[in-house]
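Encoded as structure tokens, the following chain is the form predicted on its own, with no partner shown.
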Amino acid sequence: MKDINKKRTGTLISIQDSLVKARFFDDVIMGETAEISVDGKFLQAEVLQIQPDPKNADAGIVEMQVFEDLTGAKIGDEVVFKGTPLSVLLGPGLLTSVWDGLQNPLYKLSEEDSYLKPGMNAPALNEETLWDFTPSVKVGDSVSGGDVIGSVPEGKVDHKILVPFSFGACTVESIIEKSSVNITQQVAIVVDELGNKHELKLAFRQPVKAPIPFKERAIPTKPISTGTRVIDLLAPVGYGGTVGNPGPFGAGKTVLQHSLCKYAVADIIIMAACGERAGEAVEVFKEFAELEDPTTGESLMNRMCIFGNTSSMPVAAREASVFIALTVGEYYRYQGKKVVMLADSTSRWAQALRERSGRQGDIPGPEAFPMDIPDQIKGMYQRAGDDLGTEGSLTFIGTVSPAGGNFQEPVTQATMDATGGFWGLSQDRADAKKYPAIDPLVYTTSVYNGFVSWKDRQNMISALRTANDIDQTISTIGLKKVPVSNYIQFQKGQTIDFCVMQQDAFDKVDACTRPERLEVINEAVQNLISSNIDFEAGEMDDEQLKESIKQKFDELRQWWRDWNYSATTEEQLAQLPGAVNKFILQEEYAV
């Protein structure tokens, strides 16, 4: 076999947007990366297919997707094959970082030019920062891929320094004492079973399409407190779970994601802006730099990292950005951290696959997506999970942007099949200014008992569904023909929807509801649902009685909404169940 460590080159023979073909005479490895030389710039690419050259028996044809803009490329440009797969640099310094879809630090690149240009790159992690390394192994110890050899403090996170996952059984030949080092300096030398020596540093590269293994995978059961009532009450997600969050444009997906980043109880938050509009991505970069973490009082970015791949960037980089973000999440999960990853939007990720598939001439599936799009989506979500061996977890929440809010389109359907949770956003609720616009009647969850019991959850759903059915009846035949008893059920459902299912994302108190507050709210809701309220008719006719009932429920809803904004102490929280009970008995409840 030819030596693949020598420089291996090829020349471009075909250019079709981000898909190119090159002729080569040396060995080429499927999936390896390459650099295309264009006017002195080196553009990153990935090998997709290798075929024999019909015109030259000694040559081959390689098909590649290019992650950067090919403007200026021409037939005959040189291609240099790198011999390594698409990978991500893992090590201390990941947190607080903002990268593009190829892990180039955006703030560092902005120092060179205000605009991102093809071929621009910079070290993914700061090579000058010193980290206080404390070893945890000694000379002679046996280690293998994924074992801990030491640690460094990364803000409030104890960042473990790992042996690269590709390593087999090794013996520690040397390791430095406790000292301050950067990511380029050697911290240990290990010897493998063949006698080969390997230098270990604080950081190493990991292929992004090779999942980091679990030690002991478990079914997600413990719910995450997201601070969003409709999620935590009706559609909880467990640590290590997966959720698809589809919704039409303008339904509030971005605001919901901001809320989840801020209030979800997790150690690490990773956000992959995959094909987002540039304006929204810039807004994310600015806002998150200024947001305060409510749990620590420090900057929210101290427990976050962001991958910003906008819709104006080459579509091939969208695919890379999601896999890079997933690999970073798996890395922190392996370190025992609770990680929540949000990808916005997986629809644009799928569109990148559709464009590539079309250019390759593959047989199209529904709506021209690749035939294997369901398998690709499943493969992406299956990398999330709970690891009992490390006590870490990776929760994956992916938003979907179906055109026209059509949940029957292929990406949404494949996401529903691949995920354990489903938070469907409603255009009607969004138009009615209801936040979050998650339809409480259109969801799934894999968590049986969340912050409330399954029975209580079903009671709430039944009350909301009954109210929705009566609302449809009122719209069809009018209010007059609806019995008073049904109208009371309708008002109960409206109260639950208005006071519980909706929140104010910009109010400091109402924006986040923790489990202890949910318990109080659930008690009040269950009392309201199960009650038989006796509204005295007196001399009123049905129409007047219904108007009186509506007025009384309006007063309760206003009181309850004020309580949502103001109740913070234990004494104030306890007022809600009492007020609802007094309302049921038609007693004075104002406090």
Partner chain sequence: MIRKEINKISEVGKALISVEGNPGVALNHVVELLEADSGQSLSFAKAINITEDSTRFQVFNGTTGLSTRTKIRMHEIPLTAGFSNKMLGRSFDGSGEVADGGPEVIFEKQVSTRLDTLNPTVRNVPKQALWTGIPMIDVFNTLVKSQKIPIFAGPTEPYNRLLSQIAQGAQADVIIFAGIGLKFDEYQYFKEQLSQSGNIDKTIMFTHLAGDSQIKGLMLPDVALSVAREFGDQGKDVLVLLTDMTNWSNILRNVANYQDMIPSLQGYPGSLYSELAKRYEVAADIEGAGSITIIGATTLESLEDPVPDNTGYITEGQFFLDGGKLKLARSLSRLKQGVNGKTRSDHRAIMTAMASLLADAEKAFEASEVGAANDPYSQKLLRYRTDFIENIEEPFGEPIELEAALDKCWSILKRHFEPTETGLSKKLIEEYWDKN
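All figures in this text were calculated on a predicted structure; none of them were measured in a lab. Numbering follows the first chain given and starts at 1.
The next section is about a form of this same protein that is not shown, the form predicted together with its partner chain.
Comparing 448-456, 124-132, 399-407, 198-206 against its partner chain in the model of the complex, the single stretch with non-hydrogen atoms within 4.5 angstroms of it is 399-407.
Taking a 4.5 Å heavy atom cutoff to its partner chain in the model of the complex, the contact residue among Leu89, Met416, Leu109, Leu291 is Leu109. Checked against its partner chain in the model of the complex, the candidates Met313, Ala437, Leu256, Val322 yield a single residue with a heavy atom inside 4.5 Å, and that residue is Met313. Contact annotation for Thr71: at least one heavy atom lies within 4.5 Å of its partner chain in the model of the complex. When its partner chain is considered in the model of the complex, Glu391 lies well away from it, no heavy atom lying within 4.5 Å.
Ala579 falls outside the set of residues with a heavy atom inside 4.5 Å of its partner chain in the model of the complex. Taking non-hydrogen atoms only, Gly361 approaches its partner chain to within 4.5 angstroms in the model of the complex. For the partner-free chain shown, Lys550, Asp554, Glu555, Gln558, Asp562 of 549-588 come within 4.5 angstroms of its partner chain in the model of the complex, judged by any non-hydrogen atom.
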